[in-house]
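To begin, one chain is listed below as structure tokens, in the form predicted alone.
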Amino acid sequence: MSFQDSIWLTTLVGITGVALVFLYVISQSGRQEEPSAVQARAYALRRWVFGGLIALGVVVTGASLRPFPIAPQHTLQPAPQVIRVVGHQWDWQVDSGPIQAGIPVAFEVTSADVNHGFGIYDADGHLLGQSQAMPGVTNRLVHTFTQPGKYRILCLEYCGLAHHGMILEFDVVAGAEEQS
């Protein structure tokens, strides 16, 4: 079971619990009791349900954020490969050169005109990393490609009429340790 599946299952159990509480409240609604006793029980039930939901939210949030999949970007760690990327309306200008799998690569992303969203996708269309491309600002995205192959850069922010065509393909080659 993948991590995402376990989070989904936990959420489903929580939703089922809330639904059962609602069904219990509905089933008890026809009983004739003292109004103060009903009100006291309702307040107690609300406190327990609310507390349980808060606890479930904290657990799910903590479990899903702990294994954060993106490498720290705020530290300027030297990357063996540095690729400069400039976004233009409506194309990407990328330093040429081979990108090797298994070796960290730092994409230094900026824009020459308007804001662009810099997104790297694998062959299956999964987003591997993203950064903002802004005029006058250079953002750094460090990523290690695990597999050689074709990858694509897409613009993630609407930047004008030809935004949809702002796509660039590049190849990742096997690293030196993979070739031997």
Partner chain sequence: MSALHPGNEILPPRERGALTLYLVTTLALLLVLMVFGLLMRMAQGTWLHVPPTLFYQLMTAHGAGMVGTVALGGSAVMWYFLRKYVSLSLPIFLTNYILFMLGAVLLLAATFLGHYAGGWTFLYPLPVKSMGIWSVGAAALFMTGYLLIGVGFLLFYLDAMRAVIRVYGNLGRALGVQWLFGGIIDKTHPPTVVASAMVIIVNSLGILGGAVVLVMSLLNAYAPEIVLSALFVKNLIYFFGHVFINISIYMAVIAVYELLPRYTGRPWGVSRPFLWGWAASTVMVLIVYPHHLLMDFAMPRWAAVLGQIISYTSGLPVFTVTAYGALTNIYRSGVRWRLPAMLLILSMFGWAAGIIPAIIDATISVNRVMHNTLWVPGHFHFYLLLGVLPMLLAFMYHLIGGEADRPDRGGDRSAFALYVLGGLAFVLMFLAGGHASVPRRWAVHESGWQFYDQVASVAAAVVIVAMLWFTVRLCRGLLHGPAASAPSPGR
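By rigid core we mean the largest C-alpha set that fits within 1.5 Å across both forms. Everything numeric here is computed off the predicted structure, so don't read it as measured data. Residue numbers count along the first chain shown, from 1.
Absent from the display: the form predicted in complex with the partner chain. The rest refers to it.
| task | May I ask you to state whether Gln81 is within 4.5 Å of the partner chain in the predicted complex, using heavy atom distances? | result | Taking the distances in the predicted complex, the answer for Gln81 is no, it never comes within 4.5 Å of the partner chain.
Spell out, yes or no, whether the shortest heavy atom distance between Gly149 and the partner chain in the predicted complex is within 4.5 Å. Residue-level check for Gly149: no, no contact with the partner chain.
- Query: Does Gln89 make contact with the partner chain in the predicted complex, using a 4.5 Å heavy atom cut-off?
  - Reply: Residue-level check for Gln89: yes, a contact with the partner chain.
- Residue contact check: Ile7 to the partner chain in the predicted complex, 4.5 Å heavy atom: Yes, contact at 4.5 Å.
In the predicted complex, residues of 109-128 near the partner chain [heavy atom within 4.5 Å]:
Heavy-atom contacts within 4.5 Å come from Asp113, Val114, Asn115, Tyr121, Gly125, His126, Leu127, Leu128.
Discussion item. Aligning on the core only, does the CA of Val25 end up 2 angstroms or more away between the shown form and the other one?
Written reply: Indeed, Val25 is displaced by 2 Å or more.
Examine Gln39 after superposing the rigid core and state whether its CA is displaced by 2 Å or more between the shown form and the other one.
Yes, the C-alpha position differs by at least 2 Å between the shown form and the other one.
- Task: Spell out whether the Cα of Ala162 moves at least 2 Å between the shown form and the other one when the two forms are superposed on their rigid core.
- Result: No; Ala162 is a residue whose C-alpha shifts by less than 2 Å between the shown form and the other one when the cores are overlaid.
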